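Subsequent text provides C-alpha cells for two forms of one protein chain, presented individually as structure 1 and structure 2.
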Structure 1
C-alpha cells in the first residue's frame, strides 16, 4: 500500500482516513424489478406501478439487463463476480422510501475484491497512481425523491423509486479529501466509459457518501476519532470541501473531548454547501438497525458461465489502457492523452480521425484546439456537429500535402462547421489551392520588393524584422495561396542578394 501522509496540528500528528460509498444509477431501459421506464424527470409519479410503489401483492422480477450492467461494472472495477447471489430487504424509515424497506444485497453482493488506480498527478504530468481497494459492489433499488417547496409543502416523486443502482464500497484507503474526489472521478469516468451510467451528477445519477475519521497521535498514544458519514454529495468540489471541513471539525472536537472511536458507532451528516459546513442528521449504531432479512419474493439465483463471460466481454477498453495506447501509438503528450480520453465519445471520435489521416498528431492538435473550442463555445456535443472524424482527417491531410496553408485551413474549418461540406469541395469552390510553384512566387516577391524600397533600405541598415513583414506582403499579394515556407525562403534569398 502507499504510505499515508502525516499531518501536524500544533502538538498533534494525525492521518486522515476516508472510505467512500458511491451510489450509481444504471442505464437500463427499465427499473430494477418491474417494467416501468427508467428515465430521469418527467411529470411526478407518472412512471410508477404496484411493484415500485410496494403495493400489497406486487411481485418484483429481477431485470436481466440490471444484473448484467452490475457485472460489467464489477469487471471494469477489477472485481470478482459471484455466480451465486441473492437480494435482501433493508428496513429503515424515510419519507421517500415508500415500502419501508429497500431491496438490496447484504451478505452475498454481486461483486467483491476490486480495485481502481487513482492518478495523483496533474493533467500535464506523468501519471502517478495510488491503488484504492473496492470491498464490494451490490445491487439495490433507488428510493423516491422528496421535493420541498419553501414556505409551502413537501411532496414525494416516486418516478425514481425502483431505479436500478449499484453501490460501490471502497476500503478506507484514501488519505486526503483530494484523493476521495479523485476516487469518485475515476469511478465515474470508468462507468461512463463502459456505458453503465450517464454519470450526471446534477441529476443525482451518482452520489457519494464519505466515511471519514482521523488517526491522532498525542504524546505517543494513538486515538481514532469517531467516524462521520457525510451523505449524498454529488460534486467533486462538495467531496473535497466537506471532507476538509470535517477534518478540522474532528480535530477541534478531539481537543475538547478526546473521544475514541467505538466499533459500530457512526454519525450521519449532511453537507450544507451554502454554509460550508457539515450538519448532524442522525446517529447509527449498527447494521442491526436495518433489520436485514432475505427478500422473500426473489429467490437466490446462480449466474451461468455464458452470462458472466458475456458481461466480461462487454467491458471494452478502459480509460487508462486507452491512454497508454494513445501515448504509444500516436506519440501524444500526457496532456493531450488525458484531455482526449476524458470522454469515451471524444476518444473514439479522435481515433476515427487519427486512423483516417496521415498525421495523427496533427489530428490531435485540431481536435484539442479547434473542435473542443467549438463544443465549449456552443455548449453542444460531438453528435451535434455537422462535421465528422472524416472531415478532420481530410482537412489535416490537405494541409500536410501542401494543398492549402494552415491559415487557409482555419477558414475551411469554419465553413465545414456551417455547411458540413468536405474540405476538398470547399477548397475547390473557393479556388484556395496553395501555390507552390517557385517561379510564380518569385514573380510575386519581385513585385513586392519593387513596391517597397523603404523596407529594403531598412534591411540594409540592419532591421532584419522586415523579413517577416515582406513575407506577409507576399502572402497578401497571393491572396494567401502562396506556400508560406517557399515565400519566406525566396524573400530571404532575395534580401541576401542586396548585400
Structure 2
C-alpha cells in the first residue's frame, strides 16, 4: 500500500519525504478563550476584548465548544482523544501576537495516532487509497493579521486574535507533491463535512506548512537533505508547486554541498506564488527556542465519558464510507456518488429523498441534474429552496407510476420550485394526470387519422416517419395527457391496419 516511488536524476536516485502541518480554524460561535464572536472579516479591531487583546490582567477561559470541535475533528481523522489534557504557552515576539506567546498544547495534545486515506486515483477511476498517519492534533489560538503598507505604516487587525484553531500534524508519509496536496484536500473535505470548519482557503481558514526533504542515494551511500519547512500555503496548487520547486532546489543544493540534515534544524521558507519559487524566511541552522511553559491560567482538565461519547457520535458517517454505501445501496456510479457526497447537507438531502422514493437511482438523477442546476443558477443553498426531499421523492414516484410523463414532470418541478406545492397538488390543479385508458386514446387516434388523410397517403407511399408526427398530433389533441407509449402503439397498430 505504501511503497515509496523512487525517482532518478542523472546518476542520483532519490525519494521525496513530505510531512504536513495543517492549521484549521474551527466554526465555533465564540473565540477560543473569550466570548467574542468568532467570525471572519468585519471592521478591523471590532471583535476584541481584554482577553483576545492580551491586555494586562486578562485571563483565558476555555470554550467548551472549542474542545468539543477538537474532539470531533480528532475522531473524524481516526485519532484517539485524550481524556486528560492541558494547555501550554509557546513564546515568540511578533506584532500580531498580543501576549508574546500563543496558547497551545505541547506535550499532551488533545488527539493522537490518527490516519486518513488519500485517494490517488482520478475522479472517474476506481479509488486507489494510500494511508497517511496523523501524529497529533492539538488546540491552538490564532493570532492577529498584519497589513504592511509599503513605505508607510504596518497595521494590525486583531479580530482574528484568539480564533480557535486545530493543528493537524502528519507523519512524513507523503512521497510526492501531489500526495501532499491530496492530503490537505482530504483533511479539508473531512473537516468541512463534519462542520468543524468552513474550509475557506482564500480567507485563510486552512493553511498548510509542508516539511520536505529527500532521501538521496549516490553510489550506494544514503543521504538526507536538510529539511525545508514551507509555511502558510493556502491552495492545493501552491502545495504542489512549492514542493515540486523545493525538490528541484534541494537536488541542486545537494549536488553542490552534499549536506546531511541534522536534528532540530531547518530552513523556514515562504512560497512566492508570483515568482514561482520558495523564499528563505529564516536561515538554515537557525533554532527557534519557544520556551514552552505550562499555561498556569487554565487548569488541566479531564473530559467526561459523556463529553467524549457525544463528540464521537457527532462525527457521523464520513465521505468515503458514505460513497461506498451509496454505490452499493443505490447502484450509483463513482461520478454520481462523488458529486452527491461533496457536502454532507447534499448527501443527507439526497438520501432523505432516496429513502422516500421507490426509485433512488432516478432520485439521484433528478438531484444531480435538476436540483444542483437550480442551486448553481440561483447561487443558493439547499435550505433556501422551497422544495424538500419529499417533493423530489414524490415527483419521481409520480413519473414512475406513469401518472405523468417525464416531460410533464419538468413542468411540475418548475412550478413546485416557485410555489413549494407538492407534485400531486400541482398535477391535480392542472388536470395533468396522464391518460392511459386505451379506448379514450383510440378515439383520439381515430379523430387524428380522419383529419389528416395526406399523412396517411404519405405513409402508404413508404414514409415511415409520419408515425412520430401522427403520435405528436395525438399528444397535442390530448393536451399532452395521453400516455405517449400507448399513443405510439395505437398509432402504429392503426397504420398497420391501413396496409
Partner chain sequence: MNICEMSLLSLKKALDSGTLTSEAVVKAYRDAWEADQKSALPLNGYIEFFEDAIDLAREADVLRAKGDARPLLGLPFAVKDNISIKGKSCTCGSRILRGYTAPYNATVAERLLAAGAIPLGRTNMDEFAMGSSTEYSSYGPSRNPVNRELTPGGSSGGSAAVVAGGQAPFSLGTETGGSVRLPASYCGLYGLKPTYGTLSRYGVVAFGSSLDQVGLFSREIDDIGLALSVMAGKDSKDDTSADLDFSALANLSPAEIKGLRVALPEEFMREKGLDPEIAAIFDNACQWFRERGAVVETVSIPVLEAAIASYYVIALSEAASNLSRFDGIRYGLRKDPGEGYDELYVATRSEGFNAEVKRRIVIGNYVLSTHFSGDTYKKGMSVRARIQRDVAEVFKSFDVLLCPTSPTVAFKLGSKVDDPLAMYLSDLFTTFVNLARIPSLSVPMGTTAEGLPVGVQICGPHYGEEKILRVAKAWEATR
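This structure is a prediction, so every number in the text was calculated from the model and none was measured. Residue numbers count along the first chain shown, from 1. Whichever C-alpha set is largest while still superposing within 1.5 Å between the two forms counts as the rigid core.
**Q** Given structures 1 and 2, which represents the form predicted in complex with the partner chain?
**A** Structure 2 is the one predicted in complex with the partner chain.
**Q** Which one of 230, 340, 137, 408 sits right at the hinge when the rigid parts move between structures 1 and 2?
**A** So the residue sitting at the hinge would be 340.
**Q** Just how large is the rotation of the smaller rigid part between structures 1 and 2, in degrees?
**A** About the larger part, the smaller one turns by 14 degrees.
**Q** Taking the rigid core as fixed, quantify in angstrom how much the C-alpha of residue 417 shifts between structures 1 and 2.
**A** Its C-alpha shift, to one decimal, is 5.8 Å.
**Q** So if we fit the rigid core, how much does the CA of residue 358 shift between structures 1 and 2, in Å?
**A** Reported C-alpha shift between structures 1 and 2: 3.5 Å at residue 358.
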